[in-house]
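The chain below stands alone, shown as structure tokens; this is the form predicted alone.
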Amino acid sequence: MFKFVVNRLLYTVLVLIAVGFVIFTLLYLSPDNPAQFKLGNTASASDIEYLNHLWGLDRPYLVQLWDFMYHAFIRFDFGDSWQYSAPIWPELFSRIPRTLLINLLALLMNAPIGIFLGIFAGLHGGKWQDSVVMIICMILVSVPGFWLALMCISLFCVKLGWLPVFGIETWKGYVLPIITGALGGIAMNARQVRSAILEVFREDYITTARAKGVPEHTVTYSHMLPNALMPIITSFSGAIAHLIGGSAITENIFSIPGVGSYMLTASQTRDYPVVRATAVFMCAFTTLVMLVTDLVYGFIDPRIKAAYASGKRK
């Protein structure tokens, strides 16, 4: 197990370096000129040239790449924001708790509801109950998150006046971001759990348990669900990554000062150091979730744990 953890940590580091390389290269190849964007169309050529030199944009690609990779992954320093001339780390750290709070609460909301709906649909596979749950899930998956957020604002904020339109001054400001972030996860989890339940529904050990007169709720929660946990855990890890990745839209719509809105604002103002920092943070969080998921696999499935112990699993 220790060897596996070390290998996965090394893999995580390589993924972060690769993401840093790709993000930097894509932004470098962008046709936009950040200096001209900040100074405006009326800026003189000398002013633009000075700002390009100040930011190091007039240096060769490899020099800029090495400077970014060295400072980001060796010194853990993403530099200063071009737009605000302030260090990135303090601002990023102040925003991380808000993003994690909203997304973790959304996960705590969609996990039990999604599991319940998936179990309910799986136990009634092919019946009208299953069809109703799947139709609801298809609607929730198909509806764009930003449109759903806007409709919630129109109904609960503008027409009913129950919740604030934006901001997080009170707990009410967190309600709509959490709900809109959770609905898509509910649908994804319900579909995954349903598929897992249907897969084990007709297994021999389930038939044997029923033949022995084991109560149906015991069969479901003590036999079906534990054996269907693997795809469910995979679905949850994907849901966490999806929530973090989609936080830019949610936070921007509800004016929440989180990591997602920080990245979106930086991309709009061509603040490339902030874009790179937030992208690396989101990648680091996602790979950490995947690492935890792999470790949970080992504790749940004895076969995987044995493979870890023997060193056969790569």
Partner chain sequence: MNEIKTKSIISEPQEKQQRTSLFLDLCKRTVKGPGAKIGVAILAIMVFCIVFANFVAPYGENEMDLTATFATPNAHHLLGCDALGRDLLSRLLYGGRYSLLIGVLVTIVDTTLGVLLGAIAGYFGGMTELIIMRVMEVWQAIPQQLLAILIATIFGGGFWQTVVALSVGGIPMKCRQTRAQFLKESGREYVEAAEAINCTKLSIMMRHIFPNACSPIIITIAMGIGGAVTGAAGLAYIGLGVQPPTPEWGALLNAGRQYIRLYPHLLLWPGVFIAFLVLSFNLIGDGLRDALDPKLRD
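These numbers were taken from a predicted model, which means no experiment stands behind them. Numbering follows the first chain given and starts at 1.
The protein also exists as the form predicted together with the partner chain; that form is not presented, and the subsequent description refers to it.
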Which pick from Leu101, Ala241, Val175, Leu123 sits with a heavy atom within 4.5 Å of the partner chain in the predicted bound form? Ala241
So which of Leu65, Val289, Leu264, Leu51 reaches within 4.5 angstroms of the partner chain in the predicted bound form, heavy atom to heavy atom? Leu264
Please determine, with the chain shown alone, which of 197 to 205, 88 to 96, 106 to 114, 71 to 79 has non-hydrogen atoms within 4.5 Å of the partner chain in the predicted bound form. 197 to 205
Can we say Leu39, Trp55 and Ile168 each have a non-hydrogen atom within 4.5 Å of the partner chain in the predicted bound form? no
Using heavy atoms and a 4.5 Å limit, would one call Pro231 a contact residue for the partner chain in the predicted bound form? no
Taking 4.5 angstroms as the cut-off for heavy atoms, does Gly245 touch the partner chain in the predicted bound form? yes
Exercise: Leu10 in contact with the partner chain in the predicted bound form, heavy atom 4.5 Å: no
Using a 4.5 Å heavy atom cut-off, state whether Pro60 contacts the partner chain in the predicted bound form. no
Check each residue of 75 to 111 against the partner chain in the predicted bound form and list those with a heavy atom within 4.5 Å, in sequence order. none
